[in-house]
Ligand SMILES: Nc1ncnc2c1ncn2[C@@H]1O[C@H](COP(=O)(O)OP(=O)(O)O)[C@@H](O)[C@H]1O
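There is one chain below, alone, in structure tokens, taken in the form predicted on its own.
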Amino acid sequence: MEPIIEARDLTKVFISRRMKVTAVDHVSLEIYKGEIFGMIGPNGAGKSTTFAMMSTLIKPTSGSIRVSSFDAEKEATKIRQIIGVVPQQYSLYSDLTARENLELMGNLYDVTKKVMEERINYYLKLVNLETHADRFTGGFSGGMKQRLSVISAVIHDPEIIFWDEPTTGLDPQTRQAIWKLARKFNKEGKTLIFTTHYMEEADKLCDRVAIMNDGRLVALDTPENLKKKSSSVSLEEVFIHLTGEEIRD
């Protein structure tokens, strides 16, 4: 399979007046084009920092990252044109309507007016928000905000979607809707990378899962292979075995 993201010896050190913390410690991995890739680990394991470096939000202390053949250090602007990032905190303007939020994102990526109008109508209908298109998003529920945040990140038709904690705090019905949306994007050829605390989500949705602990990559394989290797019946058991941590929602 063709790697669309390659991280080599990736390290991130945060230094303050009082301490020096190695958040990511010499991590190397490949993410293949067209797969759904999950990153799990206890709080402070380094998954969010790795996620942020791969999506060009922060720079590594050392090591290298290539995204769709672009060097993350030298060609970050080019990478940002082909990725979409769905943050854990909704990246929406509460004093704008749903449609206006989408138009703002489309303009930032120079999407033409005609194409943007077609995509906005398509995506609003896709996530069942077409009847709320002209409502201010400040009054939206958490599930509505999450769905709008997702389509805001894909309005420019990115190759890769980075998704941080996609279903945290959502009810089971909305969580299932987000999973369905993720699978749809993946069938359209997009590569998805997300962090999650939900083992069921990683097990059912991901082609491969990376488990991190104390800044290091401790396992990377398909959910089924991870369970077989540790003679476990669930991904949660694998997680506890490798990290020594209980799952906390």
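All values reported here derive from a predicted model rather than from experimental measurement. The term rigid core refers to the maximal set of C-alpha atoms that superpose within 1.5 Å between the two forms. Quick note: we count residues from 1 along the sequence shown, nothing fancier.
Below, we refer to the form predicted together with the named molecule, which is not included among the displayed structures.
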Inset, instruction - Verify the contact flag for residue 193: yes if a non-hydrogen atom of it lies within 4.5 Å of a non-hydrogen atom of the named molecule in the predicted bound form, no if not. - result: no
Inset, instruction - Tell me, yes or no, whether residue 60 is in contact with the named molecule in the predicted bound form, where a contact means a heavy atom of each within 4.5 Å. - result: no
Legend entry - 4.5 Å heavy atom contact, residue 45 to the named molecule in the predicted bound form: yes
Legend entry - Contact flag, residue 21 vs the named molecule in the predicted bound form, heavy atom cut 4.5 Å: yes
Legend entry - Which of 36-44, 179-187, 220-228, 61-69 sits within 4.5 Å of the named molecule in the predicted bound form, heavy atom basis: 36-44
Legend entry - Is_shifted residue 228 between the shown form and the other one (CA, 2 Å cut-off, rigid core): no
